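Have a look below at one chain only, the form predicted alone, in structure tokens format.
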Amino acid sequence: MRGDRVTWIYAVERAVKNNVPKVEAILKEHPYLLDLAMKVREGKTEVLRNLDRYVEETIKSVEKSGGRAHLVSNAEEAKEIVSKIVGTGKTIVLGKSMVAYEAGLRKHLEAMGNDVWETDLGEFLIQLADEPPSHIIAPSLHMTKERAEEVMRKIDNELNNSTHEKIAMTARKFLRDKFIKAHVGITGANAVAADTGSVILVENEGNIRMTTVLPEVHIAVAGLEKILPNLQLALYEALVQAAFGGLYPPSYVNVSSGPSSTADIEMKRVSPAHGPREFHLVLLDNGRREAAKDPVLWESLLCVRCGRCHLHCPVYRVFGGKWGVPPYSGPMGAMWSAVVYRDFGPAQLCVHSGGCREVCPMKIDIPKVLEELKKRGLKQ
């Protein structure tokens, strides 16, 4: 236990040193990002105030583009739908998705007899270690480079005193074969555009691009709060998330609108082409509709999952991923533990430093939300 504690202190200090000055420099160099963030807040607020209408519009748009949309109430329904699409005995590659983790999809599909692999490096590390994520965009943040190498020896026992680059290359070599063999690719969504049914995914590794294009079937699993009124605002959200996460410009922004298609013969658009034959969007409620109607908790649904609040919070820097219910940790995780798990316990640990509110791109008054959750928790 003491070893884990020491490792966490080293890991979080390195993350703060690498990330915090980087985000500040990005926002100083590209000040338009602050304007985009406010436009995203306005768009998300509009959707949350008219959620049923935008969910209906999104479903119609997905079907218009040749995909299939599935609205599910809870994690069990999400697993049931995905199980029917996937079947058994398949190779499945996953892009990083907190909603897929929330629904317990990976372990459920593994239990059904499928060969399932996380392809984001951080998620791959915690899959190999069989540990929960410790940060919303850097799930293996609790691992130092030395610990990451130790975990990676499960697939290459010759690793010794490796660089960051060597560890990343080891994962690349192992996962290439999985991408080629994969029958199904499952991703989350940084945003979903109601007017086109498009799923927007921002990334740097290239794993999501291959997960969405190489398999015959692409399934995107997203929370209802990921819907924005139109494609323009959905793309803005991807840029804002990348910038406030400290990775701007992102290496890739992916737009998936239905299955693959071509219009190269007489300009008639037909499907499929080289990419997936099938596209499915699974929209998960799991407490989000109820939260959208809550006079205080609704603000938590504005979160773009950049993870900036974590590194500015003294409580998170002590407890790490243990503060919250996985995959939701840190200040935003204390809110989201209440939204999807009805667990008010994590909010009790907030010391109201206010750092989270100051750095949040959506200007969510996180201390105010957590104060209300503390009161509700004490009444239980």
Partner chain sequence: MKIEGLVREVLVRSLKDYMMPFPTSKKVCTEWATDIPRGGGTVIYTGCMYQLTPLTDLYANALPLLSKVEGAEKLYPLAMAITPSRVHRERAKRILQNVAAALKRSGVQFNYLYEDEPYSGTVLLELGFVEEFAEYAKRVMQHFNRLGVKKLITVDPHSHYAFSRYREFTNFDLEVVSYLQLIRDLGTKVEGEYVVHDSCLYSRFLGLRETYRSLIKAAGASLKDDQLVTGPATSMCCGAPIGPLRKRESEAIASYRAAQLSSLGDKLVVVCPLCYLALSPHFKGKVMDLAELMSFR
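Residue numbers count along the first chain shown, from 1. All values reported here derive from a predicted model rather than from experimental measurement.
Absent from the display: the form predicted together with the partner chain. The rest refers to it.
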item	value
5, 351 and 379 all contacting the partner chain in the predicted complex, non-hydrogen atom within 4.5 Å	yes
Listed residue that, although the partner chain is not shown, lies within 4.5 Å of it in the predicted complex (heavy atoms), from 364, 11, 23, 359	359
Partner proximity in the predicted complex: residue 311 to the partner chain, non-hydrogen atom cutoff 4.5 Å	yes
Heavy atom of residue 317 within 4.5 Å of the partner chain in the predicted complex	yes
Residue contact check: residue 355 to the partner chain in the predicted complex, 4.5 Å heavy atom	yes
Among 64-72, 50-58, 35-43, 317-325, the region lying within 4.5 Å of the partner chain in the predicted complex by heavy atom distance	317-325
